[in-house]
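Shown below, as structure tokens, is a lone chain in the form predicted on its own; questions about how it binds or moves come after it.
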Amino acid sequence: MELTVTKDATCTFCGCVCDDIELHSDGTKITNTKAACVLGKSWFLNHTAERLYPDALIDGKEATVDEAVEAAAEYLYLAHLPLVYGLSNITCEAQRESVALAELIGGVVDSHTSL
């Protein structure tokens, strides 16, 4: 197992786009980070290109994407104050659509950076 060090890696997780991070990897996954905040460190250490999960889950059971979208729509329809959460690791266009959805369903928007 060969250790690879990548200097000046860029983290896009929270939107700050820190670009001074050093990553250590063993050829399969990132094993250590230097200069990353707690959010960036968690993102890098838990990020994988492997397909570990099915495309969608409903109540812990594998489902199709269409079934998951239908279930999500039902949850949102029944919610009293839906929360649109996260949004920092997606495109500006997806953020715009998420905010529009929150407005449409009478929900609220929060970013994980509130942690």
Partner chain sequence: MGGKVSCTLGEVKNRADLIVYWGGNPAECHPRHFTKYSLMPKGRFVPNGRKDRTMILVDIRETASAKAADIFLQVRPAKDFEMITVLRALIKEQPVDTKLVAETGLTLEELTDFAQRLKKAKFGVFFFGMGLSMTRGKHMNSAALLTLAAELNAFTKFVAMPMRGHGNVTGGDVIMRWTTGYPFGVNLARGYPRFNPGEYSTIDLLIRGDTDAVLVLGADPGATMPQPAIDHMVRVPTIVLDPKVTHTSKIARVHITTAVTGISAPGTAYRMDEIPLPLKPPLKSPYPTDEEVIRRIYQAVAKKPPLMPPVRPKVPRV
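Here, rigid core means the biggest group of C-alpha atoms that superpose within 1.5 Å across both forms. Residue numbers count along the first chain shown, from 1. This structure is a prediction, so every number in the text was calculated from the model and none was measured.
Keep in mind that the form predicted in complex with its partner chain is missing from the display, and what follows is about it.
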- Within a 4.5 Å heavy atom cut-off, is Thr33 in contact with its partner chain in the predicted bound form? no
- Leu3: touches its partner chain in the predicted bound form, heavy atom cutoff 4.5 angstroms: no
- Any residue of 2-21 with a heavy atom within 4.5 Å of its partner chain in the predicted bound form counts; write them all down in order. Thr6, Lys7, Asp8, Ala9, Thr10, Thr12, Phe13, Cys14, Gly15, Cys16, Val17, Cys18, Asp19, Asp20, Ile21
- Taking the rigid core as reference, does the Cα of Pro82 move 2 Å or more between the shown form and the other one? no
- Query: Would you say Ala35 moves between the shown form and the other one, meaning its CA shifts by 2 Å or more once the core is fitted?
  - Reply: yes
- Once everything's superposed on the core, is Thr91 shifted 2 Å or more at the Cα between the shown form and the other one? no
- Message: With a change of at least 3 Å, which way does the C-alpha separation between Gly40 and Val99 go in the predicted bound form: closer or farther?
- Response: farther
- Note on the structure: Shown form as baseline, in the predicted bound form, CA Thr91-Ala9 shift of 3 Å or more puts them closer
